[in-house]
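Next up: a single chain in structure tokens, the form predicted on its own.
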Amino acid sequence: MRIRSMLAASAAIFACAFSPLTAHADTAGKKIALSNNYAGNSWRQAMLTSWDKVTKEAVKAGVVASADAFTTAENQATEQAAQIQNMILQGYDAIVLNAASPTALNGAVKAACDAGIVVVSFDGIVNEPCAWRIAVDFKEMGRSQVEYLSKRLPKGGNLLEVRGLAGVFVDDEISAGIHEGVKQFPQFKIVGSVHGDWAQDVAQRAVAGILPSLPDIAAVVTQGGDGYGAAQAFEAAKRPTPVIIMGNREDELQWWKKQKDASGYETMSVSIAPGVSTLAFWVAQQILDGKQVKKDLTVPFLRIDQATLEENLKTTQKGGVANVEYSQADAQKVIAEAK
């Protein structure tokens, strides 16, 4: 099946980039694989579910031959590098990659590129020049939390930082953004930092462990999947509940709504949508289809505010994450609008 863009007059933005007269390669026989380094929280589970849902439809429609997903057991870069080497041997045409490290996989990624395989990294991106990258501005995601707090708590106060998975690019970038925010709004001071691994149970244990040594906390800055765990730790310690930034998980949003209904509790929630995996799939398909795609693509993060909490809860599955899944047309739009 030859994929063509039938352009309506209102879609002039695609007129040059996706001309129906341009000949492109047929992707019906192409095989795409997902290499994922970690599946131990609800965000990663939602990411894999979105991948499965969207790619199954693409395979059924004959857009690609297969779109298999693989997750490493130990979240080790060496293990993921070996996984990528196996994908090369298995003859995949493209590898969509959520990487354990931005640098440690570069050798395996370069080997894949040298074998003629398209590599598209997302969320946990790689900096090997031959690969494509899809990410939100994670630093801005971190900085924006402190900017929000500067409006909620203009006098400032002490912050507890709950970080993500140690050694992962996303964790480093969001944390750097949070620290930039504190420099911008010096009325805040980070007085404690723990790793919650983007998982509420890990975050709860980590926060409970550090709370006895901390002064009064005005707010908790987070990375996603850790807000509810932090709230439970404060409650167990019988300490006042601070403003806790949430990360779009259903359990966090439910807790927030319960507090909002009971006492007017106010916060915000922000994360990258797990469905970014489906955008990466379609970008890989478009590259295989002969489209010219810039190496770095940026998508907005998904933010939930007080006024949109109930609306987002209605569309978030039990135990899931507020999400956006992408279509082929969405990918074409992101590609066309890339600067």
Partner chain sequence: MTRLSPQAIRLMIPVLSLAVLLAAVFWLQPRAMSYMGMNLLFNLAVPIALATIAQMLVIAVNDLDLSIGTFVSFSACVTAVYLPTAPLVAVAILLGAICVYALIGILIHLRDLPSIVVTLGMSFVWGGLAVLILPSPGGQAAGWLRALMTASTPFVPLAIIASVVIAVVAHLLVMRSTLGVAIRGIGGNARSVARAGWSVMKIKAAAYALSAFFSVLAGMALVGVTTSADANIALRYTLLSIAGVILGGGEFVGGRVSPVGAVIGALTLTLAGSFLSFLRISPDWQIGAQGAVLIIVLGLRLLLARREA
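Positions refer to the first chain, counted from 1. Bear in mind that the values here come from a model prediction, so they are computed numbers and not experimental data.
A second form of this protein, the form predicted in complex with the partner chain, is not displayed here; the remarks below concern that form.
Non-hydrogen atom within 4.5 Å of the partner chain in the predicted bound form for each of A82, L89 and N106: So, yes: the whole triplet contacts the partner chain.
In terms of non-hydrogen atoms within 4.5 angstroms, which of the given stretches 147-155, 194-202, 261-269, 96-104 touches the partner chain in the predicted bound form? Selected stretch: 96-104.
Give a yes or no for A236: in the predicted bound form, does one of its heavy atoms lie within 4.5 Å of a heavy atom belonging to the partner chain? It does not: once the partner chain is placed as it appears in the predicted bound form, A236 has no heavy atom within 4.5 Å of it.
Using heavy atoms and a 4.5 Å limit, would one call T71 a contact residue for the partner chain in the predicted bound form? Result yes; T71 sits at the interface with the partner chain in the predicted bound form.
Partner contact for T241 in the predicted bound form: the partner chain, 4.5 angstroms, heavy atom: No - in the predicted bound form, heavy atoms of T241 and the partner chain never come within 4.5 Å of each other.
Against the partner chain in the predicted bound form, would Q187 count as a contact residue? Criterion: heavy atoms within 4.5 Å. Close contact is absent here: in the predicted bound form, Q187 is far from the partner chain, nothing within 4.5 Å, heavy atoms only.
Only one of A208, A111, L214, C130 has a non-hydrogen atom within 4.5 angstroms of the partner chain in the predicted bound form; which is it? When the partner chain is considered in the predicted bound form, the option within 4.5 Å is A111.
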